[in-house]
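Quick heads-up: it's one chain on its own, the form predicted alone, in structure tokens.
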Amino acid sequence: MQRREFIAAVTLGASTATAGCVTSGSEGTGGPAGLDGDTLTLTTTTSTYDTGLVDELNASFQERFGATVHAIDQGTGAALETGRNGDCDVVLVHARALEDEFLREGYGVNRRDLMYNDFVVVGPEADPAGVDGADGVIAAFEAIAGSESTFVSRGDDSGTYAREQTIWEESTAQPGGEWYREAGAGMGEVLTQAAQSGGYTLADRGTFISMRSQIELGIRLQGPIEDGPELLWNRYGIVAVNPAVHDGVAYDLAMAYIGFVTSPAGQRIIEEYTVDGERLFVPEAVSAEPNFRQYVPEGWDPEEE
């Protein structure tokens, strides 16, 4: 494990400059030598997949570099496990604690902040639990539990489920009983089940907006983008699988992809991607004041290694 962490740190130092170096002016297929015709395997969250954003990014990457991207939609935990097994080249996820664990174990290198949106509590217009008047998300969850209103949980190893569990842990309520349903499914399917049952769920804003016209649910509690509680921030990171651990991964291609999606060109695609005129994600890789600690686990100190 120490060897993996050392290798990850060395690889990080040697390769950090690669990400973000894709120029926004490159056009057409047949990109850098060695990439044309290759295939990159990306594991990503159901939220980025269901909204269609990943398809938009991948199409532009393929046009510029001539490489194909095979995207697999999984919950964050499953996506990172696929990376641990060496069955993908890059992961795009949204649970920083799980990403940090992936980095500390040496499986991932060159993490980059990519974009953010927020989580929202959605439910029926009738709002039987009275969430509309709740003072924060913890109070909202307590109101749902107290009224035993249906709550549909992701019930999987996703970033959304991890955030839901954090909220329950900070509340005085305990999820369980007939009113609490664990779907074990992606965000789109959970929203559909919540709508069919007249229940509530925790959703990322992007997926909710992309499905809003298909389901009879509304936002009952806003996230911080609309001045809601800070606990509902939802940040996405992208990480290359460490070639020192899995020498079969397409590391050069992974770094080209990370470089593209964090470049001005990739960030512009994220910025301009909308559904019904509403933006789903906010890019944050290109910043006048970049966070240089984004590459390593939060709190990581090389002096303590």
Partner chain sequence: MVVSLLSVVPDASILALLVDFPFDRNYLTSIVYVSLYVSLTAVTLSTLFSLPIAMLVGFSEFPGKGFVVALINTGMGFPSVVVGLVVLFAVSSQGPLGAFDLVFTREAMIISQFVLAAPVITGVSLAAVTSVQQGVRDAAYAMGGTRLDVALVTIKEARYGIATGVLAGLGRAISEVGSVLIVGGNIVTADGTSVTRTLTTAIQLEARQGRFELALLLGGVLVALVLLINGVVLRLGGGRI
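Nothing here was measured: the structure is a model prediction, and the numbers come from that model. Numbering follows the first chain given and starts at 1.
What comes next is about the form predicted in complex with the partner chain, which does not appear here.
Exercise: Phe65 in contact with the partner chain in the predicted bound form, heavy atom 4.5 Å: Output for Phe65 is no: heavy atoms all beyond 4.5 Å of the partner chain.
Heavy atom of Tyr49 within 4.5 Å of the partner chain in the predicted bound form: Output for Tyr49 is yes: heavy atoms within 4.5 Å of the partner chain.
Touches the partner chain in the predicted bound form: Ile72 (any heavy atom, 4.5 Å): Answer yes; at least one heavy atom of Ile72 falls within 4.5 Å of the partner chain in the predicted bound form.
Gly184, heavy atom within 4.5 angstroms of the partner chain in the predicted bound form: Output for Gly184 is no: heavy atoms all beyond 4.5 Å of the partner chain.
Triple contact flag Ala59, Thr82 and Thr192 to the partner chain in the predicted bound form, non-hydrogen atom at 4.5 angstroms: All of them do, each having a heavy atom within 4.5 Å of the partner.
Interface residue in the predicted bound form among Pro124, Gly223, Gly188, Gly106, criterion: non-hydrogen atom within 4.5 angstroms of the partner chain: Of Pro124, Gly223, Gly188, Gly106, the residue with a heavy atom within 4.5 Å of the partner chain in the predicted bound form is Gly188.
Residue (of Leu217, Leu98, Ile167, Met211) lying close to the partner chain in the predicted bound form, criterion heavy atoms within 4.5 Å: It is Met211 that has a heavy atom within 4.5 Å of the partner.
Which of 142-150, 72-80, 175-183, 126-134 sits within 4.5 Å of the partner chain in the predicted bound form, heavy atom basis: Only one stretch passes the 4.5 Å heavy-atom test: 72-80.
Heavy atom contacts to the partner chain in the predicted bound form at 4.5 Å, residues of 238-252 in sequence order: Stretch hits: a single one, His246.
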